[in-house]
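There is one chain below, alone, in structure tokens, taken in the form predicted alone.
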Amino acid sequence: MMEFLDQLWSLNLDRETVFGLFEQGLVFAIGMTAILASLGVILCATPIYSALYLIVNMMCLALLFLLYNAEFLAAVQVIVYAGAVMILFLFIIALLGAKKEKRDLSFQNLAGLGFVGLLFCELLMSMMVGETKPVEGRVTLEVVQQVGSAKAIGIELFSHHIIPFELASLLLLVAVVGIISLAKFSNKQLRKRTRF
């Protein structure tokens, strides 16, 4: 590795250029891993493996957040999504019984593949647009510098967006009740054995 870096520096490249190329290569590698993991989620026939691929995808997203200096989002991604939500998914899959799906070519599968292809084309079109600009809103750079990013997000979330936040929590509650009602197995009464 050191020989490779020495060869790069012998080409009269400064350290910033070398580290910039390394960072771009790292972003590309992590992004390709996230894409392959998302394909594993879609194409895997076993639900447990799909959930594990989804955990890998979320960890790759957290690494991308770290590379773009969004430490708070990376921590939330790991703690909330890759941690709590995915463990809940694994418990639900285990509770409902993970059965391997039979693959057949139907209209629903073709429509799903078409939708994924459409989203991929939209992603390619968004890459053609170029660099994104920061959204101007209530949370300004001065506010973030004064109170810190996590506190600014909390103030914005719980002061101006409290109703959507509570609706999201209600939606999660309904989902939990739905899963419990779906997982409730019928209790068959056992026949009493009688001796003659």
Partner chain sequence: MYSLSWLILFLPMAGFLGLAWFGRYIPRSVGGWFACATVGGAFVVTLLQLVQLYAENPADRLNHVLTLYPWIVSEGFSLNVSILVDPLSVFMLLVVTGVGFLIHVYSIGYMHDDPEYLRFFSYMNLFIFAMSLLVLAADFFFLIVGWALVGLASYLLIGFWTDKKSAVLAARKAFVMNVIGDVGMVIAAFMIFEHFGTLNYVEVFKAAPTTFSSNDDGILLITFLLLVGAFAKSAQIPLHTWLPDAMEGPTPVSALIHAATMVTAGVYLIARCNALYMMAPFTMYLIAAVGLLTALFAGSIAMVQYDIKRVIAYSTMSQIGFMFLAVGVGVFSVAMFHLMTHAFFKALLFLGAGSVIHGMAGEQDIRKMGGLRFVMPVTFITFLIAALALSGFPLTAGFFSKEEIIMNAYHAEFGNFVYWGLAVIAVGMTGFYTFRMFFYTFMGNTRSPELRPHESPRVMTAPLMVLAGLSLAGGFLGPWTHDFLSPVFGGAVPVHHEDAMLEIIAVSAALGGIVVAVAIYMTGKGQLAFVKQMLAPLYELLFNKYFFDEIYDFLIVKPVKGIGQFMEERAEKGGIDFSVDEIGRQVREVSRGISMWQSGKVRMYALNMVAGMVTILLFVIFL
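Owing to the predicted nature of the structure, the values given are computational and were not obtained by experimental measurement. Numbering follows the first chain given and starts at 1. Definition used throughout: the rigid core is the maximal C-alpha set that superposes within 1.5 Å between two forms.
The following text describes the form predicted together with the partner chain, which does not appear among the structures shown.
Would Gly112 sit within 4.5 Å of the partner chain in the predicted complex, counting heavy atoms only?
Result yes; Gly112 sits at the interface with the partner chain in the predicted complex.
Would you mind checking 22-45 for residues with a heavy atom within 4.5 Å of the partner chain in the predicted complex?
The stretch 22-45, when checked against the partner chain in the predicted complex, contributes no residue at the 4.5 Å heavy-atom cut-off.
Quick one: core overlaid, is Leu119 moving 2 Å or more at the Cα between the shown form and the other one?
Superposed on the core, Leu119 moves its C-alpha 2 Å or more between the shown form and the other one.
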